[in-house]
Ligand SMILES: C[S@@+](CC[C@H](N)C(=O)[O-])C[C@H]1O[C@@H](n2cnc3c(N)ncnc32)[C@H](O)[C@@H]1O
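Just one chain is shown here, as structure tokens, and it is the form predicted on its own.
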Amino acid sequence: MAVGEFAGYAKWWMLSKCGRKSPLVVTIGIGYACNLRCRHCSIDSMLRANPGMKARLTYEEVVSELRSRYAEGARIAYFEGGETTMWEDDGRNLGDLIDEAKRIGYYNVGYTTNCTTGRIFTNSDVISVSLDGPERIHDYVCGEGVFAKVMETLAGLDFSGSVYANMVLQKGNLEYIRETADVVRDNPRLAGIVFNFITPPPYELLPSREERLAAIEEIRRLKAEGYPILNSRKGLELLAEEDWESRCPKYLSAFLLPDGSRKSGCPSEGTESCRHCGYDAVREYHLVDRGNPSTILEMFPVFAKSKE
């Protein structure tokens, strides 16, 4: 991490302790369109239940949000979907959004992708790839042949930044954590894996507390064995607890959704989904907010390091 970048994060943290509660991370859902229908994703059913709803942001809307949140203090920008690589607006694509975020001054810019559209944008700092199990399980979750396409895309990827896998833990793949970690460890293109539990809906895929605890214990074993697990040690402890509504550092993260909704904190705040939060970043943000030294040392080199 460059000295200026580190100083910028340190300044943000000191100001937050002095009362300036501004976001550090802005996450922009640029569009709901997706080429897959993963079994744990509720976007398709939401769109069918709400015909005519706004489902894609324009280039001007995204850039306006990037500039506004940067002025407030945000220095990390992530683009999410749907499937981000499908987004287009008046001849512009995801790569143009990444370029603009960098011109504005964001230290770290990344996006999530299912890696199956044949489009990868390599001007970002970080790419997060969905990986919900070894081949037979990932295909069960996301569709036949998807795993092979992901591996094919990764094998041909010419990218100087970091590529991380993201596994959504749910009923149906909890028994395959180690096998998935093996895939990541053995793939030279993948730098590590982050584990999150599903935040419902759908509720039928929500693990029981016992299943959750067993999964966390397995992940902790893998991390102790040297697997490239990106969840912090303390974050894994806190991942056992679901209800984070009162502890979530909402000021730290800002969202803009494809329907135009602008949120400070989680879009699920105040809902039943919030009470079943499975998002690891909430725990990591909480620990960073509290100045937990071990988490800061573990997480910043992963999520706040630019390519330069």
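Please read these numbers as outputs of a predicted model, since none were measured by experiment. Counting begins at 1, following the sequence as shown.
Same protein, other form: the form predicted in complex with the named molecule, not shown, and the subject of what follows.
Asks: Which residue among 235, 133, 110, 82 has a heavy atom within 4.5 angstroms of the named molecule in the predicted bound form?
Replies: Exactly one residue meets the criterion: 82.
Asks: Name the residue from 183, 168, 219, 120 that puts a heavy atom within 4.5 Å of the named molecule in the predicted bound form.
Replies: Going through each option in turn, the one that passes is 168.
Asks: Which of 221-229, 173-181, 90-98, 110-118 has heavy atoms within 4.5 Å of the named molecule in the predicted bound form?
Replies: Heavy atoms within 4.5 Å of the named molecule in the predicted bound form occur in 110-118.
Asks: Against the named molecule in the predicted bound form, would residue 187 count as a contact residue? Criterion: heavy atoms within 4.5 Å.
Replies: No - in the predicted bound form, heavy atoms of residue 187 and the named molecule never come within 4.5 Å of each other.
Asks: With heavy atoms only and a cut-off of 4.5 Å, decide whether residue 70 touches the named molecule in the predicted bound form.
Replies: Contact check for residue 70: no, nothing within 4.5 Å of the named molecule in the predicted bound form.
Asks: According to a 4.5 angstroms non-hydrogen atom cut-off, is residue 257 in contact with the named molecule in the predicted bound form?
Replies: Result no; residue 257 lies far from the named molecule in the predicted bound form.
Asks: If we define contact as a non-hydrogen atom of the residue within 4.5 angstroms of the partner, is residue 63 a contact of the named molecule in the predicted bound form?
Replies: Heavy-atom contact with the named molecule at 4.5 Å: absent for residue 63.
Asks: Who in 180-201 is close to the named molecule in the predicted bound form, meaning a heavy atom within 4.5 Å?
Replies: Those in contact are 197, 198, 199, 201.
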